[in-house]
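Next up is one chain by itself, shown in structure tokens, the form predicted on its own.
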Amino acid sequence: MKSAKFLLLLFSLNIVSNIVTAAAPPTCPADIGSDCATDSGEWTGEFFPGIPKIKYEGPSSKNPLSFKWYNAEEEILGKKMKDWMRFSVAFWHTFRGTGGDPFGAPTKMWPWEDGTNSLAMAKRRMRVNFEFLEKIGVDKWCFHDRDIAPDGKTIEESNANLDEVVALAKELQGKKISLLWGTSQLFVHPRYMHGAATSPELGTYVYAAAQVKKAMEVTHYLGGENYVFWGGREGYQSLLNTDMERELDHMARFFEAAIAYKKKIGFNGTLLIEPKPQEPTKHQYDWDAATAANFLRKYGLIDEFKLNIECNHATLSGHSCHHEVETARINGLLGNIDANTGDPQVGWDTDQFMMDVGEATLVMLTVIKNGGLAPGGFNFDAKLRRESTDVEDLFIAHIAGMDTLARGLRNAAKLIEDGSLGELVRKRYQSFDTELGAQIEAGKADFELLEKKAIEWGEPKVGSAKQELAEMIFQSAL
């Protein structure tokens, strides 16, 4: 009798346990074939069950899964930090990065991957993306068309694949998440080996136009605020077999068609060009910010585009990121920043997360001068190191990148509020704050007048640049 009662008790407890388990949301890992997958293969659990929603805990926190400097709602110089930053997660590096490089095979196989590039896998990745955004506290994302949906055998099949994934993205975006920008991947497929808009093959030019047309449509459908052109292969390997003038003309015509279609479909987003000097081509036509600005002016496109400055591309072109964002700003072209950096000892595009507080401070000084980046933002076009293979590393990298830029914003605000650096610069140019200086800056001083003044004044007295003092003031804010 006692044994029968004991068995009845165990049976009752088992039923209660099953009810509780059924009622609780699944939190098991997103492994293929796990109990959280339905018969159709659709995932019903969390992809990051061990990761909480990331919160601000302040500089003294030792918790790697917390913000130390980025406090989204805190006001700096009259604007919330989240509005200065407008952070965005790049789908391609974050969820399609494999850790592979020219010298080694992929090192990352995330638990939700099944080893295919199927439509079902694309949808699963999209769900991963939005869970990540929600937990990291970022409300914007970016994509390449072929990164979020598989390429088909025909344009029609590729478009259908993209439509299906984008429909899911639209549903998952809801009212809290928005698209910062979309773009087309016009550099991976063999058809683009000679370029896209600059290819000598008419068929490739036509195919690229059709691909951009569709990518612009889905960007518009998702409420994207910008559309980016990155000419990864818009350049040359040798001028011996290249008609550079004709290729540049073709690229301008391509951009003109994009502008016309943007207006036709009512897309009010900003068109962005992303400068890069080389790699994979020997020379790319959008070498740096100044080159891109010159191209836009020559072809009468300057009022239709802004620039997406990537910090790692800046260093590859022989400039600092500060130089490139400042060049874009003074030309009225600063539209967006791809927040990454390169290794000074490595000569290629390493796309590392920005961790240098000094670099971030310099960038933020220009962003503040620019009044912010909207409708652009800071997009994390950055990838984990090949050796970083834990799912947790995806969060740690983004947290560190966000904290670095937030710290840069705080430092830049201190420098501006202190005023010492600004005063040093003002004094250096104070000789132009005179009647003659004003005439020169207004374009009203001719050479005859200037020669008269040179004879009258004699040898000029040239003052110190005070560079070390400027560096001292800057370092004191870090």
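Numbers follow the displayed sequence, beginning with 1. Just so it is clear, the structure is predicted and the values come from calculations on it, not from any experiment.
Absent from the display: the form predicted together with a small molecule. The rest refers to it.
Undergrad: So in the predicted bound form, does any heavy atom of residue 274 sit within 4.5 Å of the small molecule?
TA: Contact check for residue 274: yes, within 4.5 Å of the small molecule in the predicted bound form.
Undergrad: Would residue 386 count as a contact of the small molecule in the predicted bound form, using a 4.5 angstroms cut-off between non-hydrogen atoms?
TA: Answer no; every heavy atom of residue 386 is more than 4.5 Å from the small molecule in the predicted bound form.
Undergrad: Against the small molecule in the predicted bound form, would residue 349 count as a contact residue? Criterion: heavy atoms within 4.5 Å.
TA: Yes.
Undergrad: Counting only non-hydrogen atoms and a 4.5 angstroms cut-off, does residue 92 reach the small molecule in the predicted bound form?
TA: Judged by the heavy-atom cut-off of 4.5 Å, residue 92 is in contact with the small molecule in the predicted bound form.
Undergrad: Which among 240-248, 192-200, 306-314, 320-328 is in contact with the small molecule in the predicted bound form, heavy atoms within 4.5 angstroms?
TA: Answer to the contact question: 306-314.
Undergrad: Tell me, out of 288, 338, 234, 145, which residue has a non-hydrogen atom within 4.5 angstroms of the small molecule in the predicted bound form.
TA: Of the candidates 288, 338, 234, 145, 338 is the one lying within 4.5 Å of the small molecule in the predicted bound form.
Undergrad: Only one of 132, 181, 87, 353 gets a heavy atom within 4.5 Å of the small molecule in the predicted bound form. Which one?
TA: By the 4.5 Å criterion, the partner-contacting residue is 181.
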